[in-house]
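The chain below stands alone and is given as structure tokens, in the form predicted alone.
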Amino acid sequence: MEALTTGILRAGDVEVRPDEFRAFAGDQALNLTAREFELLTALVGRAGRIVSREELYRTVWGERYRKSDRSVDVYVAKLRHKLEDALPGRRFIHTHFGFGYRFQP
């Protein structure tokens, strides 16, 4: 992950501009909901590392994680779909069962 002095986060072909609430996959702007944007920001900001569901839930939802809550998984699936639509054949978000997710550029 590359953090530019402008606050832009970049990991491979994915760029997140938190100050502008904009994200790009390649040269294509991603149409993300606020929650999807926060999730992508959290994952790109920790690119290459496994991030637990608990940490994502705390960071994105601002609440304590409840094991029966599948919100993280649902939003990761939506985000994967949007990234794969923008850059077909590429998979950025990898599941590590029992651990969490890793954004791999």
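Residue numbers here begin at 1 and follow the sequence given. Keep in mind it's a predicted model, so treat the numbers as computed, not measured.
Keep in mind that the form predicted in complex with the DNA is not shown, yet the notes after this line are about it.
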Is there a heavy atom of R46 no more than 4.5 Å from a heavy atom of the DNA in the predicted complex? no
Flag R70 as yes or no: does it have a non-hydrogen atom within 4.5 angstroms of any non-hydrogen atom of the DNA in the predicted complex? yes
Using a 4.5 angstroms cut-off on non-hydrogen atoms, would V74 count as touching the DNA in the predicted complex? yes
Considering non-hydrogen atoms and a 4.5 Å limit, does the DNA approach F103 in the predicted complex? no
Identify whether the DNA in the predicted complex is within 4.5 Å of every residue in the set T33, R80 and F99, based on non-hydrogen atoms. yes
